[in-house]
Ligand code: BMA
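This document opens with one chain alone, in structure tokens, the form predicted on its own.
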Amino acid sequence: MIEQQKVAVITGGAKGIGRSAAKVFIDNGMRACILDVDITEGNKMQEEFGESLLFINADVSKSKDVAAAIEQCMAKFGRIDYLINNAGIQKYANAVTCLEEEWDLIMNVNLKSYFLCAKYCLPHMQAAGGGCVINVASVQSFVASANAVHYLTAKAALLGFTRSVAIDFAPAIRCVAVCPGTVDTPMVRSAWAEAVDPSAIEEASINMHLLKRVAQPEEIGELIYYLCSPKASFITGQAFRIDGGLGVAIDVSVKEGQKKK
């Protein structure tokens, strides 16, 4: 058992934002326990980071998997200080075209898993003296795009979940939502690839942001680490948009359209 360093549990940790978060925690002298269904990428991370990281193949939408994973994490590291709820998938549908099975899938991965991981991690975080829960939500917790009824609903709900955890577990535990715009991750590239015109969708995604680019996962990982650090010790219950101005651009376009009417 390794108990000397603080430990972050990171869901969806084998790729994208989760992988970048794990790397920044480890680079700053901490340990990371990543939960993911991608065995290939998870094993690559295990090999890369060695004893500083524990990869556990787990479906975080299932209570049994989460409970077993947290037991393994405690057996290895002896403590949990931070929970980074990051697992997520994206599908496209509206309230009529969305299949019930697809609705349940999105809700289970993008919302229920956050609850389950908090349920099993929070007691250990309290025992360690406190810590921070980061819920990776989305700029779409605030603004909306078409044909994403299940994704938008789950991401909006995470803001309420964040406030609830912040209230119920203060002052020892802080809880913060991080709300990215488009990030260059395998999930986003997979979503682009499913479009009729992938290059047009990618270009539109870039142009929606005032900074005329999408974020790199490392940029989100650095914000997550900062919010967990003592430098952010007076921040809880809040949601931070790291969206390259995407939300502002939408707000401006709406206002301009209103002026023309």
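Note that residue numbering follows the sequence shown and begins at 1. Just so we're clear, the structure is a prediction, and the values are computed from it rather than from any experiment.
We do not show the form predicted in complex with the ligand, though everything after this point is about it.
Does any part of Gln90 reach within 4.5 Å of the ligand in the predicted bound form? Heavy atoms only, please.
Yes - in the predicted bound form, heavy atoms of Gln90 and the ligand come within 4.5 Å of each other.
Would you please decide whether Ala22 lies within 4.5 angstroms of the ligand in the predicted bound form, comparing each non-hydrogen atom pair?
Ala22: no contact with the ligand in the predicted bound form.
Test of understanding: in the predicted bound form, would Leu246 fall inside 4.5 Å of the ligand by heavy atoms?
Taking the distances in the predicted bound form, the answer for Leu246 is yes, it comes within 4.5 Å of the ligand.
Indicate whether the ligand has at least one heavy atom within 4.5 Å of a heavy atom of Val188 in the predicted bound form.
Yes, Val188 lies within 4.5 Å of the ligand in the predicted bound form.
To verify the annotation, which of these, Cys132, Val139, Cys73, Val109, has a non-hydrogen atom within 4.5 Å of the ligand in the predicted bound form?
Flagged contact: Val139.
Of the residues Tyr120, Tyr151, Phe169, Phe161, which one places a heavy atom within 4.5 Å of the ligand in the predicted bound form?
That would be Tyr151.
For the chain seen here without its partner, which of 176 to 184, 123 to 131, 79 to 87, 99 to 107 has a heavy atom within 4.5 Å of the ligand in the predicted bound form?
This holds for exactly one stretch, 176 to 184.
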